[in-house]
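Just the one chain here, laid out as structure tokens, in the form predicted on its own.
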Amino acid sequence: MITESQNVSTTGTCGVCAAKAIGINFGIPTCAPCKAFFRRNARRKELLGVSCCHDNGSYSIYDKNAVSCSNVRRCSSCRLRRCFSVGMKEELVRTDEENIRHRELVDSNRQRREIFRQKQQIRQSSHPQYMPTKSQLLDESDWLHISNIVSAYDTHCLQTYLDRRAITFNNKLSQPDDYFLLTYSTLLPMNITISLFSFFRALPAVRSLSHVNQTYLCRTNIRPLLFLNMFELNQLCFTEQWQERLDSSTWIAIFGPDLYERFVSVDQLSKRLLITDPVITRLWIVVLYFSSTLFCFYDSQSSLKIPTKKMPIRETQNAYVTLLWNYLVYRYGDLNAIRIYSNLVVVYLKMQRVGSEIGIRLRTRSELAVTNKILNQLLTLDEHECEK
């Protein structure tokens, strides 16, 4: 059986008076006047008991096709009965309390939209108004700075390492093998440390810092960078097989077999993720050196003076970060710059974790006490050296 409410058209006419509908209201397509009428009178049950004062028997208010728009609106009682007859639902009309809650919700949503709009305006105003072109990323002074860093690394780090390694292997010929192996466990990390120390000492940005800041960076940040520096040196230096075996056996003696395995794993990861661009690696080493601290070990007996004014360190690091980023975007594009920078961070975090455990082993193993002491002595600066 099909009810009258199921026969109500949903194609654009009001189910009550056949005028143009504005949408579904209280379950039925209605015009705006019938919507307002039902909202005001749906709960006035006494109105249903009032007889139609205009009914002359010529039409039926329940026959939609027989009732014109003007006729059905002439009697409130007939109009309300017609509303219920076509299926309008009283329970969909909000009560006074529900109206209050609805108005509060509307006001709350309006305020939230306004707050969101204001935040969007602030966020947009904080963005750069234009994106620099490729030629604007690096100027002539930036290229000169990059060239100086690459040259300083080649001259002071790479060359120092090669010279010291040549002296070390020349001495091997005049020493018994057992004695050389014993001393090489100290000479190998010492050579890497001295070469990196020489590089940083050659940078004007380092020499411009105060004695306290220079000493602080030297003591806290060079040893955590030895792994990264060793990786870069290995990419640049030719090593014969017997030298590789000697280096491996030395690292196993220092690290222990388990830690050495993790060391090799991180080294292989570095070869997969890091690209062979000397500018990137060397700028990254400089960026990390100007960190607040990379050292994970707190020594209560240390006489190291903590800087009270670290702003020059932060400002220098920010400058090098900007230089590195602009170079990456210029050389490799936006998306590749993000990928390369992310890989730099990932690789160094892996290196730092392994390096931290190596540091613990150096400090706690009696057979490595000499190596640990010599490394600490190498990183001691006096005021005269800082002024050079």
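Numbering starts at 1 and runs along the sequence shown. All figures in this text were calculated on a predicted structure; none of them were measured in a lab. Throughout, rigid core stands for the largest set of C-alpha atoms superposing within 1.5 Å between the two forms.
One more form of this protein should be noted, the form predicted together with the DNA, which is absent from this view; the next part is about it.
- With the partner omitted here, the residue from Lys119, Arg113, Arg272, Arg314 that has a non-hydrogen atom within 4.5 angstroms of the DNA in the predicted complex is Arg113.
- Arg39 is the sole member of Arg331, Arg39, Arg353, Arg339 with a non-hydrogen atom lying within 4.5 angstroms of the DNA in the predicted complex.
- Put simply, Gly23 is close to the DNA in the predicted complex: some heavy atom of it is within 4.5 Å.
- Although the partner is absent from this view, Ala32 contacts the DNA in the predicted complex, with a non-hydrogen atom inside 4.5 angstroms.
- The shortest heavy atom separation between Ser292 and the DNA in the predicted complex exceeds 4.5 Å.
- The shortest heavy atom separation between Leu105 and the DNA in the predicted complex is within 4.5 Å.
- Proximity to the DNA in the predicted complex, taken as heavy atoms within 4.5 Å, picks out 40-48 from the listed stretches 321-329, 342-350, 40-48, 355-363.
- Although the DNA is not shown here, in the predicted complex the stretch 309-339 places heavy atoms of just one residue, Lys309, within 4.5 Å of it.
- Ser141 is not among the residues whose C-alpha shifts by 2 Å or more between the shown form and the other one once the rigid core is aligned; its shift stays under 2 Å.
- Superposition on the rigid core between the shown form and the other one places the CA atom of Val345 less than 2 Å from its counterpart.
- Positional change of Gly27 between the shown form and the other one reaches 2 Å or more at the C-alpha, relative to the superposed core.
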